[in-house]
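Before any questions on how it binds or moves, here is one chain, the form predicted on its own, in structure tokens.
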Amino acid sequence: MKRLLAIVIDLLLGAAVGALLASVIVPALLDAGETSDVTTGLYASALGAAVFALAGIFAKASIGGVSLGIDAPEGRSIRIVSHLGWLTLAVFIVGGWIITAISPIEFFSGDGLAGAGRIFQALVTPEFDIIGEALSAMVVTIFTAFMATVIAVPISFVLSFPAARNVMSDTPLTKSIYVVLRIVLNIMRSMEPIIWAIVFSVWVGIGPFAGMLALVVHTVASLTKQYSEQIEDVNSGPIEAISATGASRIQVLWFAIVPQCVIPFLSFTIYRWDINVRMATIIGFVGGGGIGTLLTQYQGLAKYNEVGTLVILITAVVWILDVMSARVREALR
């Protein structure tokens, strides 16, 4: 399986290098802009994928194999892997520079610096007349994160056991459940909370409820992964001892696994709530309610003094919560 994955990595890297060279770097060097010739890009991708894959198969110079720790190149293979690796890095850096249109000249231009100066001057001279409105919105943000965490924790706790490999490795049915659940969780986690907030804003309407639901989905996916990985790392001794007494599967889970995971679970949960407070601010930009929505309104009106007030409040609250959660996590160790 790892060998197949190594080949896939080589194919993808080679295809990416070929596509960047043909579609981005060469046209930029020729001052022709990004090419619109899709066929050329496809041919270059196929050629790059073939070169990287063949180097891995026949020359034992697989970047994928080295990254997965299944290959230890020697002699000529080391040089080939090194050259391919440096080529990939160089192509990605140059291609990324061109694609993102990095321009130090624009960054340090007089007009740009003057505009940035006006904004920063407004941000450091906040308008405190809106502090009441800001505090009210901040309370909404904090409790949006709090309720999302409270709802997500029991769901994550229950799902973490079927998502743990050592718990679900007995029969083909349990293995299938494990694989399907992992795939679903990966899909849920791959979509950022801001995307879920857009979905739920359409589903239940704009407001903190939509933001809370978005955080619940992402928190369940993330906490379930963390919980299940902790379960997979538990000491097998207590499991074997309790199983030997004839205990049921539920009893084994409750008395052998849960006691070993309680403290890490609490630490993960507190840290996740800290993360959710930060995320609750961001999802407000897309209709998730709270101080993020207020920040969007004032930013859209170019009222940067009011924006400065909100930024100071957000920074203060996040800093306080970060210190508190860090202290609690230290106490749990």
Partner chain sequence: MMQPLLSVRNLTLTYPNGYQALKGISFDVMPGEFLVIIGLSGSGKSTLLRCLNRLLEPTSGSVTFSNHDITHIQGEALREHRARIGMIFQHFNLIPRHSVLKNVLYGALGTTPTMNAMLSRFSDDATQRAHKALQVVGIPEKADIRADSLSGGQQQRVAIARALMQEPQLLLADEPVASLDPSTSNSVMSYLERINKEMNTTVICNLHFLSLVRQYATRVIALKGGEMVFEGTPQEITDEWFRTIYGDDAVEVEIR
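Just so you know, these numbers come straight off a predicted model, no measurement behind them. Numbering follows the first chain given and starts at 1.
Only in words, not in the display: the form predicted in complex with its partner chain, which the text now covers.
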T100 near its partner chain in the predicted complex, any heavy atom under 4.5 Å? no
I'd like to know if V94 sits close to its partner chain in the predicted complex, meaning any non-hydrogen atom pair within 4.5 angstroms. no
Using 4.5 Å between non-hydrogen atoms, is W254 touching its partner chain in the predicted complex? yes
Applying a 4.5 Å heavy atom distance criterion, does A247 contact its partner chain in the predicted complex? yes
One residue of E133, E240, E229, E192 in contact with its partner chain, assessed in the predicted complex (non-hydrogen atom, 4.5 angstroms): E240
Under a 4.5 angstroms heavy atom criterion, identify the one residue in I263, A116, V204, L87 near its partner chain in the predicted complex. I263
Could you tell me which stretch in 102-110, 137-145, 118-126, 255-263 has residues with non-hydrogen atoms within 4.5 Å of its partner chain in the predicted complex? 255-263
